[in-house]
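In the form predicted on its own, a lone chain appears below as structure tokens.
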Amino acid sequence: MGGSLRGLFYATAVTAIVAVAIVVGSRNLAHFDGALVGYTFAVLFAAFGITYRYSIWLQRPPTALYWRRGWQVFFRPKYLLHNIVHWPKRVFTDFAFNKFIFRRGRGRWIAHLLIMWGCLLAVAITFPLVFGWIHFETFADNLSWYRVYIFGFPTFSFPVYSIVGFFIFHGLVWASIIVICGVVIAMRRRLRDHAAGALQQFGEDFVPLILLFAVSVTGLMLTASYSWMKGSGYEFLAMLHAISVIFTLLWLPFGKFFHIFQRPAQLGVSFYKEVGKFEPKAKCRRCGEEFASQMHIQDLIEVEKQLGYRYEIGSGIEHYQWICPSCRRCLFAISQGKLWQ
């Protein structure tokens, strides 16, 4: 099966699974809100596009090798216990805390952290509600109490006018405020940082922020409409919010948002690098100094062959990758000197 056909197969399978989950989780659409069908189809399209692109991405030689080696080194018996112990720490520092962003700047880190957690909170609330996986019902004998149903099963209940109810019913408000704060910080950095401005592109760097801002602001405007304005302009705002959300979902597989789904694969790379520290080292064929793990050098040679690059050289060196960075600079200078002579 070719790469494109394999991607289509996985994308179709994942989309079908999501569709079945919506039907089953909403009790054969009994708790599905027909007014949200546009959001649902946008989610299904996003699931198809993301899965297809992710499948194609994993088939690229460098990505495929890192993906395969990441699983291999994680489950290697000699390091398995060490990897399992350190896995929660890596999940917390690399994903929950975004430590890799913190090293690039505090402002950038704060913006990423706010946007990430705001979006996660919004997704955790919105998707189950849209799919009908969660719904609320009042008590027959007491309309001031709500019971939460998850996949059609009754769970906990709470008073409508309580702290719990306030936070639950305004969860998307908090998520929108968090996202807006993150977007403002990120936009300020992009407009004021001249070094970043030289590299950024409108479609890749500004459109995602504009979409997140539009979704958050229109969501807040909906809340303001039915809370303080007696529903004035609600239909127009609901349509505007739906357009911004649907366009954002359709943008997921194609824009910068896709790196959200690529980032978890970075865990395998981190384990690959750490295990490489304990593995036999590659020694430079020119100076004899250790400079990397043998596993890494051999994998580089394999990937380069798959990509059609040939860096084999003679004199017992076999391949250019067996030369350390310092000696590569020396060889470059020697070659330049010979040309000048």
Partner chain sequence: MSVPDNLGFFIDPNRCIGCQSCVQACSECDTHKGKSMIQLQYVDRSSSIQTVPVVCMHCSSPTCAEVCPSDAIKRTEDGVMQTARKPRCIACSNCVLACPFGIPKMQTELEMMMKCDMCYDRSSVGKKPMCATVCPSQALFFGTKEEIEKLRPRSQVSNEFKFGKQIIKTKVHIMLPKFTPTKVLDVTAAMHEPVVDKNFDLESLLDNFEV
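Numbering follows the first chain given and starts at 1. From a predicted model like this one, the values you see are computed outputs, not experimental measurements.
Keep in mind that the form predicted in complex with the partner chain is not shown, yet the notes after this line are about it.
K.L.:
Kindly indicate whether 82, 124 and 153 are, all three, within 4.5 angstroms of the partner chain in the predicted bound form, using heavy atoms.
P.N.:
No, none of the three is in contact.
K.L.:
If you check in the predicted bound form, is residue 235 within 4.5 Å of the partner chain, heavy atoms only?
P.N.:
The answer is no: residue 235 has no heavy atom within 4.5 Å of the partner chain.
K.L.:
Does the partner chain come within 4.5 Å of any heavy atom of residue 108 in the predicted bound form?
P.N.:
Yes, residue 108 is a contact residue.
K.L.:
Even though the partner chain is not shown here, does residue 5 get within 4.5 Å of it in the predicted bound form, heavy atoms only?
P.N.:
No, no contact at 4.5 Å.
K.L.:
I'd like to know if residue 55 sits close to the partner chain in the predicted bound form, meaning any non-hydrogen atom pair within 4.5 angstroms.
P.N.:
Judged by the heavy-atom cut-off of 4.5 Å, residue 55 is well away from the partner chain in the predicted bound form.
K.L.:
If you check 170, 256, 147, 86 against the partner chain in the predicted bound form, which one has a heavy atom within 4.5 Å?
P.N.:
Looking at 170, 256, 147, 86 one by one, just 256 meets the 4.5 Å heavy-atom criterion.
K.L.:
Pick from 236-244, 128-136, 94-102, 170-178: which stretch has a heavy atom within 4.5 Å of the partner chain in the predicted bound form?
P.N.:
Result for this chain: 94-102.
K.L.:
Taking heavy atoms and a 4.5 Å limit, what residues of 242-275 are near the partner chain in the predicted bound form?
P.N.:
Heavy-atom contacts within 4.5 Å come from 256, 259, 262, 263, 265, 266, 269, 273.
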